[in-house]
Structures are given as C-alpha cells and as structure tokens.
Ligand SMILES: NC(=O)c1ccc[n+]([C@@H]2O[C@H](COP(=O)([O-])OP(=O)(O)OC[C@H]3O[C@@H](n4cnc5c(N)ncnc54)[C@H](O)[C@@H]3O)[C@@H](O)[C@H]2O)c1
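Here's a solo chain for you in structure tokens, the form predicted on its own.
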C-alpha cells in the first residue's frame, strides 16, 4: 500500500498550466512544482511567465518551460503539442486555468443584460471554454500515453449558481452572462471528457469561490455574510485541491467538481 507521500509525489511528471502568470495560475503552478512536477507555463504575459519560471525553478529545482500564447488563437493552440514534445517529451497533467474575466471598463461586459455585447460574449467563450476544449483535444495523445493523464478545469461558483446581483449594488462590479455560461459549459465539458477519455485520462473541475482582490468594501461585507467560513478566498486556498487532483491521491476520481468556496453553496 502506497503512503500519502508516494501518492502525492509528481517527480518526473510534466504539468501544463494556462493563465499561469495570473493570481490563481501562480498558486497552481507552485502547488504542483512543490510536488516535484516539471512545468510548461502558458500565458499572454511573457514578462510574468519569465519571472515565474525563474522563481519556481530556483525554489523547487524543477524544469520549467514557458510559452507566450493567446488562447483565443486556435492555430497557436494547435502548435502546443509540438512545443511540449520538443521541450519535455511528455505531458501528464493539463490545467485549464486561463480565464477571461474582463473589467468594468470593457464595453458590453459589466452592464445591464440588454447592453451586454455579443463581442465580449465571444471573447469569454473563446478563452474560458473553447480554448479548454481545443487544448485538451490537441494534447490528448500525450495525456493518454503518459499513464498518469489528468485534466483539471478551473471553473467558478458562478458556473454552478446564478448570481445574487444585490452583492454588486453601489459598486462598479457586475456578473456578465458570458462568464457564468462559459464556466457552466466547462463543467459539462468536464463530465463529457471524463466519460470519453477514461480510463486513460481523468478529468475534473475545481470551482473557486470569490477571491479577495481589494474589491469595494460593500461587496466584501455582503459576500462574507453569505459565506460560512466568514471570509473571501485567497490563492493559497486552492493549492490543496490542485495537489489532490493532479497527483495519484485522486487516482480514482474523475468527472467531479470540487467546490472550494468557503461553504458559499450550502445555503
């Protein structure tokens, strides 16, 4: 019988992470690097990738490669397997973390439903959902052949629940339809892939709750009142779930959605 340390050991494996230079991406990258996994980091932020790669390599002694990539470009996604083969020669885990979240100043995004634009809808779908499908498809041969294949999709509580718009009253924040729908689609993609790619590749979703990023005080107070653990999340809160889903600790887990939301969904 294997020990927990043996089940969590990812030495020699390779994990590909999209949106790696972002807040959650950095935490996810650090979690699997600490378990010994080599990394391939993807993002549109080349400077952020270079800095993170050096930090992780120095701290954990793992091999780290990075690639500047726009996930809305399907032709660029199609070239990722060749990059993996040339740099690492294998792929064990794919973490679809990149997300289009927009900002309040993006036209047609945070506004009344009647004013939300098809253009921003398409952008969100391309990055949040279509890229996960396309990248999983392009990497599936490598994942199947690894013997440890796993896909982790990073969802959201709003892929499961409808928004409580009262949380945003009096702020510039909002909850666009495209974000929620794209994350909901990611959950169904997880279930579909789990049945189609098994037993060679496990596929699961991790759905974070709201992460504190200096949002307006009114919003934070309202959010915390609705959360049993009485706080918003920070990036550290997701490391354990990622380590579980990426390693052999979850070798009999597929098609699942792990909510890391402080209990937000229990009421």
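Numbering follows the first chain given and starts at 1. Note that the coordinates shown come from a computational prediction; the quantities given were computed from them, not determined experimentally.
Only in words, not in the display: the form predicted together with the ligand, which the text now covers.
> Does residue 200 make contact with the ligand in the model of the complex, using a 4.5 Å heavy atom cut-off?
No, residue 200 sits far enough from the ligand in the model of the complex that none of its heavy atoms falls within 4.5 Å.
> Although the partner isn't part of this model, could you tell me whether residue 173 comes within 4.5 Å of the ligand in the model of the complex, counting any heavy atom of the residue?
Output for residue 173 is no: heavy atoms all beyond 4.5 Å of the ligand.
> Taking heavy atoms only, is residue 69 within 4.5 angstroms of the ligand in the model of the complex?
Yes, residue 69 is a contact residue.
> So, in the model of the complex, is residue 34 in contact with the ligand at a 4.5 angstroms heavy atom limit?
Output for residue 34 is no: heavy atoms all beyond 4.5 Å of the ligand.
> Counting only heavy atoms and a 4.5 Å cutoff, which of 163-171, 92-100, 135-143, 113-121 contacts the ligand in the model of the complex?
One stretch meets the cut-off, namely 92-100.
> Under a 4.5 angstroms heavy atom criterion, identify the one residue in 10, 16, 21, 245 near the ligand in the model of the complex.
It is 21.
> Decide if the three candidate residues 127, 155 and 211 all line the ligand in the model of the complex, where lining means a heavy atom within 4.5 Å.
Yes: each residue has a heavy atom within 4.5 Å of the partner.
> What residues, if any, in 167-186 have a non-hydrogen atom within 4.5 angstroms of the ligand in the model of the complex?
Heavy-atom contacts to the ligand in the model of the complex: 179, 183.
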